[in-house]
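So here's one chain in two forms, each on its own in structure tokens, numbered structure 1 and structure 2.
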Structure 1
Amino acid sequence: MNPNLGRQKAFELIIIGGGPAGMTAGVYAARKKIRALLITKELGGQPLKAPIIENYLGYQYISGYELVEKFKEHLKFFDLQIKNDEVIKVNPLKDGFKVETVSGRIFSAKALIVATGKSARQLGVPGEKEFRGKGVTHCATCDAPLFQGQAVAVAGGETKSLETALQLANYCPKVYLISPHPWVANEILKKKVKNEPKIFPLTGYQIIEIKGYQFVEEVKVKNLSTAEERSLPVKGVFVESGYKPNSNFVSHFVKLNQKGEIIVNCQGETNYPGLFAAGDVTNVPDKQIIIAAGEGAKAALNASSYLIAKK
């Protein structure tokens, strides 16, 4: 792994994003002897926000930070150039793409892999940032077992919010489902939630503050009709207000779905020739580390085939 770019600005492949999908794509590109550049603000991505990971094959129990360090260690064995920067614009060229970054650097490549993931929509309330990773989380699949036997809150009223509440009910004696609006989900799912005795719906309520000491101890909620405020003793807050795919910089020429996700086929190809995408930024369902890594590998292999065909 060579983090120093030197004077080289033209590449066969540029990978944008340094999470599991981007790093895996980098490994596979390097193994194919592709002249590749990986551009990312920070290596690691979403796993860095996960205190504990128990569903990545080969590790029964590992922190997100430790898993990312394993990924980084693996990258060191390969000749992959890395630039710590943020891509702000991508434009198609006659025979490839032009990539512009925040720092003002401009790079070109014959093929691209976009693996920029997604950003969780925040509640924007006091305590949310301070207790992230200390009770505030965005992934029930990753973190639900950590709250075994403890009361928790789920913020949101969409399908994913209700699914998260049901999942948490397998571990927690009390799950507050807090939504400022009526639930937006199918009737079968609504019925399941209503029939689950461990779930306590608070519809028409909004979280206004998250409080605690070293870890979350309570959430303060407000009734939007009466303005009444109350505190709920909880050890965890699962924010399920949705995610925003980081796809804006290619949205002017790549097809997105209604969620803003890049639409890909089973080979990781987008509607634009030479541009591939992988991981949470795409419409591939089930946003998991192991799935993102697999999609990154697949995108790199198919990008390699594309480059060979171009030659």
Structure 2
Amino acid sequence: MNPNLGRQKAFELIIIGGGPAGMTAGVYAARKKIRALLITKELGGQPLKAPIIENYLGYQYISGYELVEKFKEHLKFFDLQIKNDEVIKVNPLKDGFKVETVSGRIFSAKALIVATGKSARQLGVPGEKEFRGKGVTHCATCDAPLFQGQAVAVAGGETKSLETALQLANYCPKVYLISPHPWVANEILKKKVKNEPKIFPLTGYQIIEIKGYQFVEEVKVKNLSTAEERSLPVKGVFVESGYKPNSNFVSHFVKLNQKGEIIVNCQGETNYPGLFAAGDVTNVPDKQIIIAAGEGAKAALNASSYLIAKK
């Protein structure tokens, strides 16, 4: 380990986020010999939650964990500094950016790539945090088989929530689909859900509490028009209320769309010179590993051109 690593706080490029977009940007930046730092809460990102990946070129079938291990192995070949930390603040400087982390570190760089992906929206109700991993989950793909033969609830009324309810109906005798608003999905999907006898739609209802002992035992729901409250006996709560892009820390100077995604052009440039973005945190519509990786590569190549032009 080089003892000088970590002392140098000014970089040419800082990449924030170590998912497929950030890791690929790291490889491209290192190959361009840019003095770069990658700051990430953890290396891997969302693929760590994917049990099976069947659409990343070169692998017909691979688990998310294994794919991330391969990405990490590849990164080791390059001279890229990596810090495990969470960025909480970014501010523009006269000639670059100041980046602050939750652990109190401060870095600066002439260019930035934001590749912080997206996170599942929380319900924000009592019991949600306490029972996370003990019945409360965000991943039907990972956890549906664990609830075989049990009653479960799905929170949300978007495409993903409806798909999750259908997926769960393959395992569970009763699937409550709890949505505060009318479903937002295509008609074919809505029809499929309506025709599935194991799905019990509760539209116009909101989950107000998740209760249990060691594991989830019930959800309390409230009818939003009548204020009537009901308890539903369930062993699992699948929170499928959508995702939010992790873009808060740049929202005071970078243009976002209505969903909170960072708006980029086809070169990964944002409206702010020197600030690039890639992957699920951006307005690029398709959220996939191969797309995030490609966008990360583009952002790094264009950041490199930006840095050369500034010299």
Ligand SMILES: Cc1cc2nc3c(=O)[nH]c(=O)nc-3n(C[C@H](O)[C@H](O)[C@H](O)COP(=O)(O)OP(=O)(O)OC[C@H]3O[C@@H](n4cnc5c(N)ncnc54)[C@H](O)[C@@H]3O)c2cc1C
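Structure 1 provides the reference sequence; residues are numbered from 1 along it. Being a predicted model, the structure only gives us computed values, none of them experimental. Superpose the two forms; the largest set of C-alphas matching within 1.5 Å is the rigid core.
A.B. asks: Among the two displayed forms of the chain, which is the form predicted on its own?
C.D. replies: Form predicted on its own: structure 1.
A.B. asks: Check 42, 120, 102, 206 against the rigid-body motion between structures 1 and 2 and give me the one at the hinge.
C.D. replies: Between the rigid parts, the switch point is 120.
A.B. asks: Based on C-alpha superposition, what is the hinge rotation angle of the smaller rigid part between structures 1 and 2, rounded to whole degrees?
C.D. replies: Turning angle of the smaller rigid part: 33 degrees.
A.B. asks: By how many angstrom is the Cα of residue 179 displaced between structures 1 and 2 when the rigid core is overlaid?
C.D. replies: Residue 179 C-alpha displacement between structures 1 and 2, core-aligned: 3.8 Å.
A.B. asks: Having superposed the rigid core, state how many Å the Cα of residue 225 shifts between structures 1 and 2.
C.D. replies: Between its two positions, the C-alpha of residue 225 lies 8.1 Å apart after core fitting.
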